[in-house]
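The data below hold one chain only, encoded as structure tokens and taken in the form predicted on its own.
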Amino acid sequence: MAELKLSESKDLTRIERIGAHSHIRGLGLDSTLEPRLTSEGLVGQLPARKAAGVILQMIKDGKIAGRGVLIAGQPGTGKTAIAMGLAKSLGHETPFAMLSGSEIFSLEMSKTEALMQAFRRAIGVRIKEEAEVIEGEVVEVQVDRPAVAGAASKTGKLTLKTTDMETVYDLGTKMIEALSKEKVQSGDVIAIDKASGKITKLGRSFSRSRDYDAVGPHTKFVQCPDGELQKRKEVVHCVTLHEIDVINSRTQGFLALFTGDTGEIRAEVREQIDTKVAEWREEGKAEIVPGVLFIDEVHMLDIECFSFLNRALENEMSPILVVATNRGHTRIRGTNYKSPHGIPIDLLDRLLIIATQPYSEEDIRKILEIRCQEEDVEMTEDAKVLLTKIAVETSLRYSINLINSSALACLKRKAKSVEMEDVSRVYQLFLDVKRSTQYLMEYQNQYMFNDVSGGDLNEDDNTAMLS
């Protein structure tokens, strides 16, 4: 007799990719907007986080439109981390659009169109509409099936009640199908939208909580509605202006939202939408929610893009613009002129500048501990001390890269936690910038297309070149 195999059951766990900023949950501020030393994944940078907290409060109060913020600092000082923390603190309601300065140089659409779409993605519209809703507890669902197949469509009756009244409704085929699809039965509390016929199951009535000995974890018990069966309810939809643009720009615009193939949107379409939204605002049907547009590596934009940003910031419906750069005094792209951070002076005047400072040794140690927890790597205290020293000597990013590499070295020797020997081993395997530069200086002549002879490149020139 063949052996009977039972089907195996496996636990499915949600897989989340660990990114460079996946440990950040918010700005780490208390109720008085004072930054905590270590909170919500952010460490140190207290003045910068406090400034971001003030901006956050202004956004929540809706008093921020038409302003810009520049986060400037050295590489690896947490500029993107602060912007991400700002986005997480805003919640789901406030739109947040993020792009890199080099992203807009695509072949599919013009630079200004790409920037305009990013701006529109960061502006939300909260649309309010009143709907007629029938809300009550189901007393009985009665479906009459025809005696002869195909003779007539199904009909039925639905009895709903509140604490004050009870009514019997006649049902047609579509409503019967909707009720059976939602698995509505006696004792359920439901809401029916009169305009669309959509049925929403709110839960089971408390009076029927003793009907079964055991119920599933998703069963929700609610009170039987009171008052009239038919009520007027206010429904709020939140969409971005870009979503409205895409849906109205083509016949099947909602499909373009999923595929991402939006293409260039005509100015006439946008003008019509802006006019309609302005009408809704006057009537009290809609409300504008200015969000946040974050442009990282803003020095990659050219003079045309900066001119566009200048004009766009003056628009009454513009979002808050948060830009970040790690450049010092450098050339404005598209010109031969130099400017602070590679941004024209007239745009810099419109920006509130938040500066980030290099991390202290204690801050670096805390950041490395948070990253170890995030990457699920167990590390001894000695290994953490060594990793912190490496970070101080080289850079924070380099030492963060060593965490996972040293965990693999630890795994190879079948140990449970990463020790100093694992860290030093991967430190020897992977060069940092300084050691790589030193190696280049020593073996410069052996590389191809070497324009600079070994004697011409000294350490001071090299340091200047790197900075």
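Numbering starts at 1 and runs along the sequence shown. Bear in mind the structure is a predicted one, so any value in this text is a computation, not a measurement.
Although it is not shown, the form predicted in complex with a small molecule is what the next lines describe.
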* Asked: Does Leu42 make contact with the small molecule in the model of the complex, using a 4.5 Å heavy atom cut-off?
  -> yes
* To do: Although the small molecule is absent from this view, report whether Val189 comes within 4.5 Å of it in the model of the complex, heavy atoms only.
  => no
* 4.5 angstroms heavy atom contact with the small molecule in the model of the complex for Ala20 -> yes
* How about Thr80: is it within 4.5 Å of the small molecule in the model of the complex, going by heavy atoms? -> yes
* Partner-contacting position among Ile123, Ile367, Ala383, Leu86 - heavy atom within 4.5 Å of the small molecule in the model of the complex -> Ile367
* Looking at Leu313, Leu396, Ile104, Val289, which has any heavy atom no more than 4.5 Å from the small molecule in the model of the complex? -> Leu396
* Asked: So which of 96-104, 359-367, 219-227, 335-343 is the stretch with heavy atoms within 4.5 Å of the small molecule in the model of the complex?
  -> 359-367
